Ligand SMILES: C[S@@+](CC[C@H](N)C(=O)[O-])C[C@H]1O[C@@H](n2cnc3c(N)ncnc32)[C@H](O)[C@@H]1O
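Presented below, as structure tokens, is a lone chain in the form predicted on its own.
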Amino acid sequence: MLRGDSENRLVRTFRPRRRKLGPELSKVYERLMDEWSIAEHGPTLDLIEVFGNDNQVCLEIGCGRGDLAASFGPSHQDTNLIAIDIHTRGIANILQGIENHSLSNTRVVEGDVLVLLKRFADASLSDVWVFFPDPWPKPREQRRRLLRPDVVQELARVLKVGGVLRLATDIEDYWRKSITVVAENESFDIPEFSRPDWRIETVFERRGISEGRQPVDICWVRKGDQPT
């Protein structure tokens, strides 16, 4: 697992950008957060207990405005999804989607995934999604990128054999260096360039395209060197 004397010593992968919610989303957040959220801190999660079933569980790291999670849940009722972000607006949007579509297969976490990952048992997740993460473009900042050796090792731990790590980014330096970092771990098969049909085009992706950046989707399958 990720180690450290305190969480303050974790190399954070995000820039805090707190924004106030409007009146409607504030009410949604206050009404639904307790029922549909998972705490970032705590003991190992029993995912069957969390969702009330033994369906596969996917983790979306950095749900942004919540567009993907809100669209995925209604069309994949047999798959459970946990969406985490440090920013409240996306969490509130997903909560609104849970209420609007009467979803039982979606949960949210407001917090840092480097903390949350400690709560997952070995080989407990089927998919991990890292879509348009903060690129941290400056050389001195790149140690903060999410797909770095210590985090990839933790993702390998929580993924089941045959589970999939997915990356989407429009930053060429990010995906090229991610391929190198994941290959060094040796827990994953060779990368495949493949975009899942359910990954909708988000506002961040559209912004990048308008600025001349093309998205790239890569996935890695967890190899079979751990018990399922």
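Given the structure is predicted, the values throughout are model-derived calculations rather than measurements. Note that residue numbering begins at 1 and tracks the sequence as displayed.
Not on display, but discussed next: the form predicted together with the named molecule.
**Q** Given that the partner is absent here, state which listed stretch (120 to 128, 106 to 114, 73 to 81, 153 to 161) has heavy atoms within 4.5 Å of the named molecule in the predicted bound form.
**A** Selected range: 106 to 114.
**Q** Could you spot which one of 63, 167, 182, 57 gets a heavy atom to within 4.5 Å of the named molecule in the predicted bound form?
**A** Of 63, 167, 182, 57, the residue with a heavy atom within 4.5 Å of the named molecule in the predicted bound form is 63.
**Q** Going by a heavy atom distance of 4.5 Å, is residue 87 a contact of the named molecule in the predicted bound form?
**A** It does: once the named molecule is placed as it appears in the predicted bound form, residue 87 has a heavy atom within 4.5 Å of it.
**Q** Answer yes if any heavy atom of residue 147 is within 4.5 Å of a heavy atom of the named molecule in the predicted bound form; otherwise answer no.
**A** Judged by the heavy-atom cut-off of 4.5 Å, residue 147 is well away from the named molecule in the predicted bound form.
**Q** With heavy atoms only and a cut-off of 4.5 Å, decide whether residue 37 touches the named molecule in the predicted bound form.
**A** Answer no; every heavy atom of residue 37 is more than 4.5 Å from the named molecule in the predicted bound form.
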